[in-house]
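Only one chain is shown below, in structure tokens, and it's the form predicted alone.
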């Protein structure tokens, strides 16, 4: 069984491409079914966030190249294969395991130690598991990833001082406006990122705070505990001028804030400075709005400077986080080697038993004079002989001191008994 990963992220693909390769909940369900039926995947988890889209799978054929999955990804999103050239990464087995653990630990994020990624990994796994798309390998792998994330957050400074896209954006607001205690903010959306933005703005003493969502109940549920007011979604265009800071994080295929809306808002504000933080993927704000005078528009890819500062503050914690990852990889590989060892011994037993039966059948004439009870006794004795011959190798595999030693024993068995070849 081989673990495979195909994906792209903020390091390998620009925002314009990442926007086109995202998976909604419904998309992930459909993609999972098609990967299992078309690409030979026995287990699948789709992980799709603002900064990455990754397909994790388990397949039995370890010789198959990842091209079929890459082609699937292009076809699924209606993108030419040429557009994905150089933007995708492919990982197998240990490299795929390490990559997922680094993602869950926040080491592979745009913002080192990002807070929300662990929840996103957990949610992607839960949905796949609930949909029956996972099995023993990905169950164990993603449970290990969640454990890595928990340990990194509790045992290192990456966990005690996390940084999210929302907090990075609010830090940027402080750079532009200084003390936020005399300013106003409007948050679009009521999801996790919007909740983080509201929390960050409140912590920094924002004076006026409004929340707007397509679902008014969601807006009110977020506004109430945070002392904010709500704005009806249909009144949004006429309310933009009130906000010094606009944070947008809604699920939409097209921009919900147009350049025309912002042109009118800036005129009503007498062109006083306005900061727009577009945290949506796909983007929520028309990029053309960045040309407007005194309007500052930042999307996820524009947070590079803050990301760099964040990394410098936290990079000293990376070795501690990587030690946790290495420990969890060792545990997973030990489990995986143990599972493979059981499968290997079962395969060897099956082959030896098939040969035993062929030999008994070939010499059946010599036993013709025996009664059925005696022939049954011979069958049981020869089967017992195979069990006893395999007892010591099985015990050595089970009690190998390390997973590397276990793998060496397994490779020896494979080579000596030709277990990688088809039974003749």
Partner chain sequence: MPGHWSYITLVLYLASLGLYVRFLYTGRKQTGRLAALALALGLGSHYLALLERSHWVHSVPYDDLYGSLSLFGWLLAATYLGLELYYKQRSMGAFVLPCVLALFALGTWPGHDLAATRQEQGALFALHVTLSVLAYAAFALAFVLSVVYLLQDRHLRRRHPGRMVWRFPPLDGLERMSRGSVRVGLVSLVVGTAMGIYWQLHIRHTFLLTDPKVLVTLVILVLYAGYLRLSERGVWRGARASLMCVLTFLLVIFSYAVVNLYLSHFHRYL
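Just so it is clear, the model here is predicted, and its values are computed rather than measured. Heads up, when I say rigid core I mean the largest set of C-alphas that superpose within 1.5 Å between the two forms. Positions refer to the first chain, counted from 1.
As for the form predicted together with the partner chain, it is not shown, yet the points below apply to it.
- This chain is drawn without the partner chain; in the predicted complex, the residue among 203, 226, 139, 309 with a heavy atom within 4.5 Å of it is 309.
- The listed set 298, 72, 210, 89 contains one residue whose heavy atoms approach the partner chain in the predicted complex to within 4.5 Å, identified as 298.
- None of the heavy atoms of residue 116 is located within 4.5 Å of the partner chain in the predicted complex.
- A residue is said to contact a partner when one of its heavy atoms sits within 4.5 Å of a partner heavy atom; residue 333 fails this definition for the partner chain in the predicted complex, lying far away.
- In the predicted complex, the partner chain lies farther than 4.5 Å from every heavy atom of residue 198.
- Taking the partner from elsewhere, residue 108 is found to have every heavy atom lying beyond 4.5 Å of the partner chain in the predicted complex.
- Residue heavy atoms within 4.5 Å of the partner chain in the predicted complex occur in exactly one stretch of 127-135, 189-197, 263-271, 235-243, and that stretch is 263-271.
- Taking the rigid core as fixed, one finds a CA shift for residue 320 smaller than 2 Å between this form and the one not shown.
- When the rigid core is held fixed, the Cα atom of residue 176 travels 2 angstroms or more between this form and the one not shown.
- After superposition on the rigid core, the Cα of residue 245 moves by 2 Å or more between this form and the one not shown.
- Figure legend: C-alpha atoms of residue 116 and residue 181, shown here, are separated by at least 3 angstroms less in the predicted complex.
- In the predicted complex, the Cα-Cα separation between residue 278 and residue 107 grows by 3 Å or more relative to the displayed conformation.
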